[in-house]
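Presented below, as structure tokens, is a lone chain in the form predicted alone.
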């Protein structure tokens, strides 16, 4: 009789546990799944944003010109000499191709599955400066009917050196660790180079033609932001405190040298 009571109590306890599991929220179940997989939970996205401009003061030298005539395929895609892209600024000093990012204060976030595309077209890298997240795919595309050699000179991540002899070839890679910056070059065409920033969160932006940027989705908190430009390096850091739904203005200035 005692044994029957014990089995009955065990059955009730099992039913209660099963019912309790059925009542768990999606967040609780996600946390359990993350714990079992050994992954870390991402910090939720927020509603705050930071926007501004990056400018350069002083006399910016005119962009140097170079010839691509060494490869007839490259030559055929340009009407003459090609402008060097190390510093691109308009008459007001608005600076293009600057990576602005949260250096301190952000948590880790899962990578997007949508790949970033690095295109080789006209024997130039497009874009010249870009950013992506850790473990986000990058598709490197040969858009030219000539040989390109993609040489990634990462220091923290694994470097790679891949030949793409045919137009339309696509090489997919991922970076597994944050690194800033990651230089690329083409060993076939010495003038070809570009830079990537790799981050463990989505809080970064690359300035456009007018030097502007915007970083959205920030949770409320305290952050340190910096700007990086391939010639001028990293700016002085700027610290901000931001609330939910708040939009803050942050500007960066480099000095031409």
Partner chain sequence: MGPDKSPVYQSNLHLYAFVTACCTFVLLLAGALVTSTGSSLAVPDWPLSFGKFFPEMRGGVLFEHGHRMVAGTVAILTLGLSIYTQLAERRTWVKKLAWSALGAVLLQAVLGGITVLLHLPTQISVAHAGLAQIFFCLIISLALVTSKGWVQGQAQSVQIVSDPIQKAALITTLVIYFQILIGAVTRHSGFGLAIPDWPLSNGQLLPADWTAAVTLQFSHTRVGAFVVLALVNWLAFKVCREYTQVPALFWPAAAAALLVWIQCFLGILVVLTEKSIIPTSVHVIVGAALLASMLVLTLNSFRLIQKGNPV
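Numbering follows the first chain given and starts at 1. Computed from a prediction, not measured in an experiment: that's the story for all the values here.
Although not depicted, the form predicted in complex with its partner chain is the subject of the following passage.
If you check its partner chain in the predicted bound form, you find a heavy atom from every one of 71, 160 and 185 within 4.5 Å. Contact with its partner chain in the predicted bound form, judged by any heavy atom within 4.5 Å, is made by just one of 135, 86, 149, 117: 149. In short, of 103-111, 162-170, 125-133, 78-86 it is 162-170 that has heavy atoms within 4.5 Å of its partner chain in the predicted bound form.
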